[in-house]
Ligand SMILES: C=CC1=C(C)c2cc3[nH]c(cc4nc(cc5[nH]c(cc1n2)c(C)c5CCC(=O)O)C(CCC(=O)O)=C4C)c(C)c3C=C
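Just one chain is shown here, as structure tokens, and it is the form predicted alone.
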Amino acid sequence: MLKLGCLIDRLGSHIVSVSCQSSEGLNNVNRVSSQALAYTVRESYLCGPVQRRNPAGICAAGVATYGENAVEYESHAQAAEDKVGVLLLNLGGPDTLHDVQPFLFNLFADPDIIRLPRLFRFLQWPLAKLISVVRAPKSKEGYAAIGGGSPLRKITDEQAQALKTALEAKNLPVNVYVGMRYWYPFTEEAVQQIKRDRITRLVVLPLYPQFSISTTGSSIRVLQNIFREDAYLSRLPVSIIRSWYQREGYVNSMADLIQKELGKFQKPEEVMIFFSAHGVPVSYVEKAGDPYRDQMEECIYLIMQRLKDRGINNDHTLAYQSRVGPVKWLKPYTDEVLVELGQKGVKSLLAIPVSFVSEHIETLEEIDMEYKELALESGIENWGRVPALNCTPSFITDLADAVIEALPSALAMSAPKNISQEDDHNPVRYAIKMFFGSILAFVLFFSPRMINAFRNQLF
């Protein structure tokens, strides 16, 4: 499995720390500029703060809309008169080992993954090329271990077809599209097909239960950029379901899977329920206003409450996996907690990949291979793992309900131009940035600290 941490330490009078990683997807930024930080907080979620342990107070499905000129729907029958599209968003993954290096390049070329200081943004592509070439051999080993490529596209296509069938069963004919962030079919391809099909109303459904600026946030920014530049798309009514971890159907589906797997243990009541969520840097939460940690904790609370309603009172814990680099990540860490549980005498453990609704490298290789081996070495004797939801019927049905609920709130997407983007068109400022950026880049890349950082983190 690919894991990459890169450190850019002291730069002039500023200290910049960049953490970047790929475990087929969820990726991280340590520090953002104040301008980008404000934009992220403003755009990340419109329903307000998460109401901890109060599911009734959370807005339905975390739906957000854009722009003006709302089209009001008085009935579900009226919604059916439109040509409705549903866009599923995911990160994507290499289909074959040959695809690994270009996939990594696409990943690291994204400024939301490796956020460089403004003076260094012209180095984004060269840096992405360097990292992707260096890391490709190790990443290929991880994908080879799970069959030679990512299953994410196949599973997402199956989810799209299942969702289309579920919506048609509810008398809502739709076209369902799949847009991947870093591999085929790219989000841009899906949007162009939406335009060719003359969709008149669109629901955007990121396949991430909890919102993070590094997953849903990044994908939404891509859509904003595309729609902003197209006259037809900018007028298309769009509703974005930003998070849905609190939905009854999702919570019930997760509880069902956990209950089923618990039944496979000889003594189900003694099993530790171990939620492993993908981590993000602490700075995401504390400085950029990312609601991910609060939403994750609320999600675990809701699932455990549902299990308690069924008479299941097992101990449980939450930890965060896939940390990389020298920055602080959300704690506790999955690998450290597994060791601690073994030392405390826990003998039976059920791992639950709560961040993911599809099997991919982080479930199939990191959890099923790396963490299982670590757990057994630490003294845990009985290991189980809850499968990802994939196309679980109750899960797909709930997604269909979420789409139907989101339709009435669809508005024309619009977003103001970013001030920083306007500044980049100023030739004088751009020339100054390039001049000083080149000097600083030379100092940075040939400094002893940078050389040591690349040696320690890349190799």
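Start at 1 and count along the sequence shown; that's the residue number. Everything quoted here is computed from the prediction, not taken from an experiment.
Omitted from view is the form predicted in complex with this ligand, to which the following refers.
- For this ligand, fitted onto this chain by superposing the C-alphas round its site in the predicted complex, the count of atoms within 2.4 Å of backbone or C-beta atoms is 3 or more, giving a blocked pocket.
- This chain lacks the partner; the member of 237, 279, 353, 206 within 4.5 angstroms of this ligand in the predicted complex by a non-hydrogen atom is 279.
- Here is the short version: of 243, 334, 150, 159, the single residue with a heavy atom within 4.5 Å of this ligand in the predicted complex is 150.
- Not one of 177, 186 and 395 places a heavy atom within 4.5 Å of this ligand in the predicted complex.
- Remark: residue 135 counts among the residues lining this ligand in the predicted complex, judged by a heavy atom distance of 4.5 Å or less.
- Within this chain, residue 274 is remote from the site of this ligand in the predicted complex, having no heavy atom within 4.5 Å.
- Not displayed here, this ligand is approached by residue 104 to within 4.5 Å at the level of heavy atoms in the predicted complex.
- Using a 4.5 Å cutoff between non-hydrogen atoms, residue 227 does not count as a contact of this ligand in the predicted complex.
- Heavy atoms within 4.5 Å of this ligand in the predicted complex map, among the stretches 194-202, 358-366, 166-174, 371-379, onto 358-366 alone.
- Taking a 4.5 Å heavy atom cutoff to this ligand in the predicted complex, the contacting residues in 124-149 are 135, 139, 143.
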